[in-house]
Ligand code: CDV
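Have a look below at one chain only, the form predicted alone, in structure tokens format.
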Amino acid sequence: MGRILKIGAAQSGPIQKDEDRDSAVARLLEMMKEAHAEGCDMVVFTELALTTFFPRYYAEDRADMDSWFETDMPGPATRPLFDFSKDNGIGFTLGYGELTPDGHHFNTQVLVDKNGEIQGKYRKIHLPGHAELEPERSFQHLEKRYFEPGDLGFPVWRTMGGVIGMCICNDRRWPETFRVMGLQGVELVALGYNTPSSNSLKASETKETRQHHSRLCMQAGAYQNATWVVGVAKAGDEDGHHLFGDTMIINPDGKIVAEAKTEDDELIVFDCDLDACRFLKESTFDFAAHRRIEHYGLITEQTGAIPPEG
């Protein structure tokens, strides 16, 4: 028997625009209770788990959107999650909109240990979408309007018997996200996402294609960094906008070992053996033995692609 971290991946069904925080938290708490009953060590909740996916709505004055953000974590609405964690010895991660005391806005996720204490915080770095109203879109995706790029990097934390990292939604599409955590020995990456089933600029892109892309990048990130990846979705129809869900747990070989079957609140559970990361970390992806950083300079020196001339 290896180092088992029993994970509950807690998919959220849709949260409608008029659903309040207390209702959303009550739903999360029910899944946390279910996870505790099944002997889970940690529950992974989704991105923006307390609200509808509000970046689909345009406000000329950005301050009009501040009601979607949390100014304290835990706050009065989220305190029940932290109390249950402390009283029952179960950790969790939680995604939410963060409004800092000095007025900064981030798409944030916290890592809470089995004592109900925040051990780590991650702020989403790869913000998709756009910053201004684009009427030609079938719906808006205004993350660049309402959030700032994260300023904490991609840290990992030694907690609950392993090395745990976090990222959020669009971060999963960028290999650098996983590699920076891989270079810190990450053994489990917890990430939440709210991904639409259609592309607001490309109607021909199918839900199946978008699910394929989601799976592809998470499976690659898991395998190429010899880590477990727990991808937890918001799913279903939010105010007429469909999110495809597809919550899953992926092992260090890049194989999907558990996945959600519905578009509702749904908990999937798996015994993640953190020692299963060792073989690839010590062979194919023994970074110290095989990486050639003298040839990787473009990754940090250049942002956009520049083809050769001629």
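Just count from 1 along the sequence shown to find any residue number. Fair warning: this is a prediction, and the values are worked out from it, not measured in the lab.
Absent from the display: the form predicted together with the ligand. The rest refers to it.
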98, 238, 143, 113 - the one with a heavy atom within 4.5 Å of the ligand in the predicted complex: 143
Can you pick the one in 121, 79, 215, 173 that has a heavy atom within 4.5 Å of the ligand in the predicted complex? 173
Give a yes or no on whether every one of 226, 251 and 278 sits within 4.5 angstroms of the ligand in the predicted complex by heavy atom. no
So, residue 89 and the ligand: in the predicted complex, are they within 4.5 Å at any heavy atom pair? no
Classify residue 194 as contacting or not contacting the ligand in the predicted complex by the rule of any non-hydrogen atom within 4.5 angstroms, answering yes or no. yes
Is residue 270 part of the interface with the ligand in the predicted complex - any heavy atom within 4.5 Å? no
Any chance residue 166 has a heavy atom within 4.5 Å of the ligand in the predicted complex? no
Which one, 124 to 132, 178 to 186, 228 to 236, 156 to 164, holds residues whose non-hydrogen atoms are within 4.5 Å of the ligand in the predicted complex? 124 to 132
Residues in 43 to 60 with any heavy atom within 4.5 Å of the ligand in the predicted complex: 47, 53
